[in-house]
Ligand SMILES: Nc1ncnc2c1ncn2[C@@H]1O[C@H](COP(=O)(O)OP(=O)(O)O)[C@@H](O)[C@H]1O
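First, one chain by itself: the form predicted on its own, in structure tokens.
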Amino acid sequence: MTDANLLRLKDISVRFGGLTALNGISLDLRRNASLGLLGPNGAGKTTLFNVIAGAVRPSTGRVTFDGRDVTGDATSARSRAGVARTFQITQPFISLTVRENVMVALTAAGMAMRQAHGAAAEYVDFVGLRAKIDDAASGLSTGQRKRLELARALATRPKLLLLDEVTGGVDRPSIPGLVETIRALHAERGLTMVVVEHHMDFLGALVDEALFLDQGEQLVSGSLAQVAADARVRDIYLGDAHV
């Protein structure tokens, strides 16, 4: 029987020397669910992302993905298993075109170069970059680079998509279209998502549930409305004007 939870974290702690970045984090993430990670700077959100992606191995605890213990698996193995991520600071191959950037992801996932040339267009179309498909990535705006990051992540055909500050640095008029593209990913492709996003208005359009971290501790979890209404969250992070 298929486990209803795609991702499970059990008692995850991460220590860097004398610094505890995460302390005893546990969560069960259902298939096709979308989770928002909230917390102030330094709360441990990026470290938790890196644990899920395989870039950081936990000091204690266990990571289970798609029914298998992947705690010791590196990033490349997690990617092959179906974990993809975007980065807060985009990292395109700036000398390559938009299509070629996506082709890199497709061939890394095992697709032949001849097939990748045509297949890349599907992902470029989906993220709304068709008009830029043969332009160099160096000429893209921040918002367009965020869309390219999405296309490259999708090209690995993930089961779990980790989105790190996807609206960060994007001009405000472009954000609704970007958010709508991500909503379509979740609705049409059934992707499970974990999202770090500071814009609460947009996060509310993207996630079903939320987990609030503070100083590496799991403070509160539940629906986004429940988390946002928690007095501790208001005191630490949101402020009454945001609730």
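Residue numbers here begin at 1 and follow the sequence given. Remember, predicted model here, so these are calculated numbers, not experimental data.
The same protein also exists as the form predicted in complex with the named molecule; that form is not shown, yet it is the one meant from here on.
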item: Contact label in the predicted bound form: L19 to the named molecule, heavy atom within 4.5 Å; value: yes
item: T46: touches the named molecule in the predicted bound form, heavy atom cutoff 4.5 angstroms; value: yes
item: The named molecule contact in the predicted bound form: G204, any heavy atom under 4.5 Å; value: no
item: G177: touches the named molecule in the predicted bound form, heavy atom cutoff 4.5 angstroms; value: no
item: Option from 60-68, 23-31, 204-212, 38-46 whose residues, in the predicted bound form, bring a heavy atom within 4.5 Å of the named molecule; value: 38-46
